[in-house]
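Encoded as structure tokens, the following chain is the form predicted on its own, with no partner shown.
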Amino acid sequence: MTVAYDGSFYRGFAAQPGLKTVGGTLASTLHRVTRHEVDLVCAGRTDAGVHAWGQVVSFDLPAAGLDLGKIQRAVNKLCGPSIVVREIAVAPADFHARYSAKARRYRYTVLNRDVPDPFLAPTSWWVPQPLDLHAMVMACDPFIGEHDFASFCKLDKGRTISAPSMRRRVVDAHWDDAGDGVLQFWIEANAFCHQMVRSIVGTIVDAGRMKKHAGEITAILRARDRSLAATLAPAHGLCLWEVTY
């Protein structure tokens, strides 16, 4: 299934006991609709408050009597509008939403105006200070290619920095000016480590505020030191846009 959701209402994707999550809600709803327990696998485990337009999930169901349209309509009726199944299809037997993915694409939205917008507030980071978009564009270049992103990732508890585990290949990172103060950061990579996009956005916005120089980004990457990057950009500006297979 290709799933879109408003992450404002959920404590991330992964099911957690006692918490309302996207994955937990989807799994329980699918169980209710199909009368079968499902083990959901997702392409990207988004954090609390993060949205998705193109999240992909896979799971197994018996083929006999399978009515995909009925499942889609029932899930959307029970979960919408905060969670919506955009597409549903039978995948090859060896398909895996996470491990079959070749790339993930995220969009981060910044609202750079003097006055906030209540209609954009749930899905954008309001930054009232003037931003130098040229500096932010220049700050994207060092991220392209394969790097160790330890400076821009939160380590899981109990893990130490390991070069192979933090290496990611970024194929695109750029800003679009949508007009009227709406700036959109797009980034695509083979995979992302925990909080990587929000850390990158926070650092680039610091460059736009002239708190950092674009030329510092390469040094921050090479240092493999999380303390050198900026504070995380807020979760609600981030959206998992697309997964490529």
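No experiment lies behind these values; they were computed from the predicted model shown. Don't overthink the numbering: it's just position in the shown sequence, from 1.
As for the form predicted in complex with a further copy of the same chain, it is not shown, yet the points below apply to it.
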For this session: Tell me, out of 56, 52, 217, 197, which residue has a non-hydrogen atom within 4.5 angstroms of a further copy of the same chain in the predicted bound form.
Result: 52
Seminar exercise, completed: As a check of understanding, the residue in 121, 138, 78, 144 with any heavy atom within 4.5 Å of a further copy of the same chain in the predicted bound form should be identified as 121
For this session: Although a further copy of the same chain is absent from this view, report whether residue 169 comes within 4.5 Å of it in the predicted bound form, heavy atoms only.
Result: no
Exercise. Hey, in the predicted bound form, does residue 132 get a heavy atom within 4.5 angstroms of a further copy of the same chain?
Worked result: no
Exercise. Could you tell me if residue 165 has a non-hydrogen atom within 4.5 Å of a further copy of the same chain in the predicted bound form?
Worked result: no
Exercise. Residue 116: heavy atom within 4.5 Å of a further copy of the same chain in the predicted bound form?
Worked result: yes
For this session: Heavy atoms, 4.5 Å, a further copy of the same chain in the predicted bound form: which of 70-78, 89-97, 171-179, 146-154 makes the cut? Say which one.
Result: 70-78
Seminar exercise, completed: Checked 1-37 against a further copy of the same chain in the predicted bound form; residues with a heavy atom within 4.5 Å, sequence order, are 4, 5, 6
